[in-house]
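What follows is one chain in C-alpha cells, specifically the form predicted alone.
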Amino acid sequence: MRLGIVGAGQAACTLIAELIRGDFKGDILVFNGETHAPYQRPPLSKNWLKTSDDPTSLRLLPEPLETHPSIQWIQTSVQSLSPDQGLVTTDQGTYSVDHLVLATGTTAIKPSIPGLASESIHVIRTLDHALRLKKSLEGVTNITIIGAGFLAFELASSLADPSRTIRILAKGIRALPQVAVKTADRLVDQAPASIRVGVEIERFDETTKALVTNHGSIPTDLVIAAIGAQPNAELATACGLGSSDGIPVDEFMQTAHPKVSAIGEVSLHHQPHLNRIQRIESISEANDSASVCAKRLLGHPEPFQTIPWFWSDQGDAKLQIAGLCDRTDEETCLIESETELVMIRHQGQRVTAIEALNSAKEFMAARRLLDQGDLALDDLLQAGSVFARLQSSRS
C-alpha cells in the first residue's frame, strides 16, 4: 500500500509510529505544509515560550522513526485531493496514493478589531507563531490576551515578568468556564494577570495605544488572541467529505469515502464517553484516533472507545482532567488543601469528569476508573479520594 498522510502534527506522527512498529507493508508519504520537522505543539504556550529558543527540543518523532526508509517527507502544502483517483496535488506536483489519511488539525481563530491590522494580532498554534511572538516581546510592557480559557492562562504564566502588565479579557461572565467554579477560582487567584469579564472590544486606538472597550481603555502594546480554533477541513469539504464542523468519520476513523480516513482534532465522530458525536481538541484525541486508524490499516480493527483527558500547566499549577463534562454539569469538591484540589463533575450520580489540580495520583486513578465504566458520585464520596476508590475496586 502507498499511504498518503496530510499533516505532520501529533495525530499524524502517532499514526506513523504505530504503523512502523506494527510492520506496515508499504510506503508512507507525509505532506507537511510547514518548513519545520514534526514538533510538539503543547509546549509552545507553556515553558518553551519562556525558557527555550531551540526548536529541536520540541522534536515529536525519534530520529530512527523520522528517517525510516518507508517514509517520504514532502515539505509543501496540499492544494487539492482526488479520492476516486487516489491523487494528491501540491505545487510540487501530483502524487498517487492508495489511501489518504487527513490529519490537518486546526487553525487559531483571530478576531477582527477595528483599528488593528490582523497581522498585529498574535496567536499561538504553530512554531512560527511562537517564534514570532518571542521576537515581538522586546520593550513590551502591556500585554492583552483576548480569551479566558486554558491557553490564555498558560500564556500569561509563560510571559509573566516584573516589567510587564498582563491582562486577560473574558467575553463571558467568568474566566475558565470549562472547569468547576472552585477550580477556576484557584487558577484565577494565582494567575500573574488581571482578569476582566464581560468585556466587549470596540476598537484599537492607535494614538493612545489602547483597546477601547465597554470597560474603558486598556493600554496595550501587544495583543494575543486565545479564543479557540477551527478545523482545517477545506480539502475534505471540497471533496464532499467535510464541513466547517470537521470531517465526519465512523468508529474506525473511516470517512464516507473508502480511500479516505481522518484523525486528530479535525475528525468528527461518536464519543462513547459522551454518547454523542463531537470533535475534541486534545492530545488524547490525537493519539487515540491515530491508534484506531493504525490498527485498521494494519488489519486489526478496533473501534474508538477511549475516555478523553486534558492538562494545562499554568506556572506552578498543573491541572489534569479525566473525562469530559458539559459546562452545566454539577460540581462537588472531593479533596481540598492549600496545594491540592480535586473536583467531581457529574450529572446526578453519574461522574462525567474529574478535575485534579496538583494531584497526579488522583488524575491517573480517575482515568483508570472511567475506563472501567460508569463511576458513581456516592462511591467517590464514601471512599474519600479517587485513588482510594480505585484501590477498593481492585480488592
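Note that residue numbering follows the sequence shown and begins at 1. Fair warning: this is a prediction, and the values are worked out from it, not measured in the lab.
Unshown form predicted together with a small molecule; subsequent notes refer to it.
Only one of 194-202, 164-172, 136-144, 102-110 lies within 4.5 Å of the small molecule in the predicted complex by heavy atoms, and it is 102-110. Taking a 4.5 Å heavy atom cutoff to the small molecule in the predicted complex, the contact residue among Leu116, Ile283, Ile307, Cys239 is Ile283.
Using a 4.5 Å cutoff between non-hydrogen atoms, Leu44 counts as a contact of the small molecule in the predicted complex. In the predicted complex, at least one heavy atom of Asn32 sits within 4.5 Å of the small molecule. For Asp288, no non-hydrogen atom is located within 4.5 Å of the small molecule in the predicted complex, even though that partner is not displayed.
In the predicted complex, the small molecule lies farther than 4.5 Å from every heavy atom of Thr94.
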